[in-house]
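Only one chain is included here, represented as structure tokens and corresponding to the form predicted on its own.
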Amino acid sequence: MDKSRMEQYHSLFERMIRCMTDRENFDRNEFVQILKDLSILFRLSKGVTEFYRSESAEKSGDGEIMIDYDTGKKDHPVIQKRILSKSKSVIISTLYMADEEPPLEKDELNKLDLILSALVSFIARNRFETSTEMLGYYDDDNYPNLRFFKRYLETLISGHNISGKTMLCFNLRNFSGINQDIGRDGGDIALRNYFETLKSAAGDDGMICRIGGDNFAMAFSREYTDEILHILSGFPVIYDPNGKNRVLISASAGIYDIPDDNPPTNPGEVIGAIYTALLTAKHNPETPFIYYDQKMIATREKAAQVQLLFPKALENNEFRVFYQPKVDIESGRIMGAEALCRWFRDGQMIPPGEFIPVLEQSPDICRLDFHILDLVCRDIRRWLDAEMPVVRVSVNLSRKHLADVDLQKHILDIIDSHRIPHQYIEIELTETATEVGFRALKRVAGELQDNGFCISVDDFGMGYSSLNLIREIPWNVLKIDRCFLPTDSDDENSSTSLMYGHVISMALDLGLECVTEGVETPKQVEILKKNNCRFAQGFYFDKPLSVEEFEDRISRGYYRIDTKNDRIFK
């Protein structure tokens, strides 16, 4: 090379190195221009870079091919570099010369070899960083993940740019059902299109990520709120490759409008706020969008207090069993009872609605259920030893127990340790809203019934498939929720009255024992009699009673039922 070309080479090579090593201010356009200038200097016709995620991908040709310089002339390769990176990806760079050009000198080939070595090392490093970014901040389907969201929040908070933003966490409604209807492939296309629609609506400075399953988080400027909520309320998206078929996707969402005067100081505050609001929204179908506000803050603080106090409360025996009688309305006889949990702290009773839903969010509810079962067994053992009257007692188990493959053993360990005959225990299970939960419920119910326990289904009509539920699972008792029971204002031809009658008739035909909950008036007792439902539970007879009160009731044996003049004891 002559002196002029040598100086030009050194200048371009130094610029290339500076450009590659200035990671914060890397300018790709400048970098590509340097490569073009070097190609012209060495009379090259084309430069090709290939990237493959693995050697097997290289063999199958499944990779990326980048060509930033090409004169279009007929050419041939003159030098090539191939490296296998630490992440086992393959990078190949090849330089070409036009056929009419004279061959390169040895010195020129050495310089090109140096350029290619630097180039492939630079590409390998960048690809490694990109792979690390994808592994850490994206899920298997290439959606930004929770780490991505946390990093985004940290950047906003540290830069004092979070005020004026709206944060949102949403859960897709019945997306598993959509997948069943249109197939997994169609569901993936629909989900991606819905995601991209929301991403576009969030603006250039907004973001959206998937935090797991059908749950997503978003951040955007306030002015985009109406448009985004419109999409979340129900938006048609294409789900087939041909773009002809659409499906409607909607969501429930928890929303946190960041205050200007008191913005959050860490990502955890934001995530906790929107997730708390989402949980409330998911349990309120009529109100799918819930804003995180002062009332919710107070509720969240109470929930945190419950979680903090629970272990010590359990240790100090602050939880007590109350019993609500189940009554045979034909004879007035007390034929059973439901065990209900009450929490007494510092002489005051904490309403169940303030702690049960909180404990339901964690395995703590399972610990509480087992504790209540143990207390019930203690009472029954005492009644048996004292030769007092004993009736069957039903104990509620949370849905969370369905994940416990050793549930049967845990129940048996408690009951058998107190030497309680199994016929005195009724296990009350709540039907589930998913097919997976249904299978687990079927397994648990079968195992418990095989061990001589009476099994009842609670909240009938609210779950996965109620008719399938009573057809496939060997229940003993069907508890009819108060929502099915007609009120005093319902006539016999109302939809509620007709549905109640049919549910009772069907259950009796299947040989199930029926108990109607929420019986509060003499007229409702008459409705039970008319529909041949013999067993009732509700305030008409008694509220949940302390152990001492229940023992007094059971010692009397039965109620005298007079629906014209209310009830009296005998």
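For every residue, the number given is its place in the sequence shown, counted from 1. Being a predicted model, the structure only gives us computed values, none of them experimental.
One more form of this protein, predicted together with a small molecule, exists but is not displayed; see below.
Novice: Assess the spot marked by 341, 352 and 397: is the small molecule within 4.5 Å of a heavy atom from every one of these residues in the model of the complex?
Specialist: All of them do, each having a heavy atom within 4.5 Å of the partner.
Novice: Could you spot which one of 379, 458, 490, 108 gets a heavy atom to within 4.5 Å of the small molecule in the model of the complex?
Specialist: The residue in contact is 458.
Novice: Considering non-hydrogen atoms and a 4.5 Å limit, which listed residue (73, 482, 439, 230) is close to the small molecule in the model of the complex?
Specialist: Going through each option in turn, the one that passes is 482.
Novice: Just to confirm the contact call: exactly one of 184-192, 362-370, 403-411, 157-165 touches the small molecule in the model of the complex at a 4.5 Å heavy atom cutoff, so which is it?
Specialist: Residues of 362-370 come within 4.5 Å of the partner.
Novice: Answer for residue 26 alone: is it within 4.5 Å of the small molecule in the model of the complex, judged on heavy atom distances?
Specialist: Close contact is absent here: in the model of the complex, residue 26 is far from the small molecule, nothing within 4.5 Å, heavy atoms only.
Novice: Can you work out whether residue 93 and the small molecule are in contact in the model of the complex, taking contact to mean some heavy atom pair no more than 4.5 Å apart?
Specialist: Flag for residue 93 set to no.
Novice: Quick one: is residue 519 in contact with the small molecule in the model of the complex, heavy atoms, 4.5 Å cut-off?
Specialist: Judged by the heavy-atom cut-off of 4.5 Å, residue 519 is in contact with the small molecule in the model of the complex.
Novice: Quick one: does residue 538 come within 4.5 Å of the small molecule in the model of the complex, counting heavy atoms only?
Specialist: Taking the distances in the model of the complex, the answer for residue 538 is yes, it comes within 4.5 Å of the small molecule.
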